[in-house]
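Just the one chain here, laid out as structure tokens, in the form predicted on its own.
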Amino acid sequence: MQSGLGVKAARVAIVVALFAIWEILSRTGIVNPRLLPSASDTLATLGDLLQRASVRKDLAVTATEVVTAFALAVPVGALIGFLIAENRYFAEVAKPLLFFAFSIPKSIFLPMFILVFGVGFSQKVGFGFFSTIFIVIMSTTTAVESVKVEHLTVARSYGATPMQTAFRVYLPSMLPVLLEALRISMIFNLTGVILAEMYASRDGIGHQIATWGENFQMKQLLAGVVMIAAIAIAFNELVRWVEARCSHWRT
């Protein structure tokens, strides 16, 4: 317990130290304050931005796009990954192709999404879906392959139905791996949606960040970066908390 508190205290100390270094670099002029506003000014700007209705609206737009893309990519990717893992021949054919597709930078396809879907909700959700689904497929395939064969053999020898096998054997064995995959998938998903908003969009927090950058509004730009980072970290820690509660299922 004490060691756990010590680790958390060390993490907090590192974050505080980074903000302190940031503040010193800006305040002392080591880095031009116009290029790197101080941490205190950035946090004050963040508080001001969150009070603006336009920024809250953009956050709501981005959240809707992220949740929609995630809600589509996870079940579709999980189903495809499960079917690949369950068919040995299909797995041998498809898995190398998936690795090839995963290695290609997804950003090069963004202009195609704009041409097909136009500039709007569908384009951003579609690109978020595209950025996410490959990691979901690969993670699900790995999760299915992690299920112990002896567990399946025992369940089937006792006459378990496919539905019972899915919920009593596959799901408990796969859940810890899938939760880890969800954390990684959300990073790809959020990155894809934000990138689509920055590249071509009329709304969303990514569009706002791109506008602040183009207009050299560094306080607002850094405040937007801190905002997105805080949201991503909060989701990551939430899934880690759930994962810790399910870690006993690994055995």
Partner chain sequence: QAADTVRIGLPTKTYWPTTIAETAVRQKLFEKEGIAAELTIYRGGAETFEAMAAGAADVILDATSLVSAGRKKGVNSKVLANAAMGYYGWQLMTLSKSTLGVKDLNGKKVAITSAGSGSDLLALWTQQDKKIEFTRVPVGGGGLVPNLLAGNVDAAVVYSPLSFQISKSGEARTILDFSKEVPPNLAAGWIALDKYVQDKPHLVQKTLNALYGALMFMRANKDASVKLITELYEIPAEIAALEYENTIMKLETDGAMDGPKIPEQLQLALDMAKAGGMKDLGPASEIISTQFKPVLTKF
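All values derive from a computational prediction rather than experimental measurement. Positions refer to the first chain, counted from 1.
A second form of this protein, the form predicted together with its partner chain, is not displayed here; the remarks below concern that form.
Mapping the unseen interface onto this chain, residue 201 counts among the residues with a heavy atom inside 4.5 Å of its partner chain in the predicted complex. Not displayed here, its partner chain is kept clear of residue 64 by more than 4.5 Å at the level of heavy atoms in the predicted complex. Taking the partner from elsewhere, residue 35 is found to have a heavy atom lying within 4.5 Å of its partner chain in the predicted complex.
Proximity of residue 220 to its partner chain in the predicted complex: non-hydrogen atoms within 4.5 Å are present. Taking its partner chain as positioned in the predicted complex, the residues of 211-226 that bring a heavy atom within 4.5 Å of it are, in sequence order, 211, 212, 213, 214, 215, 216, 217, 220.
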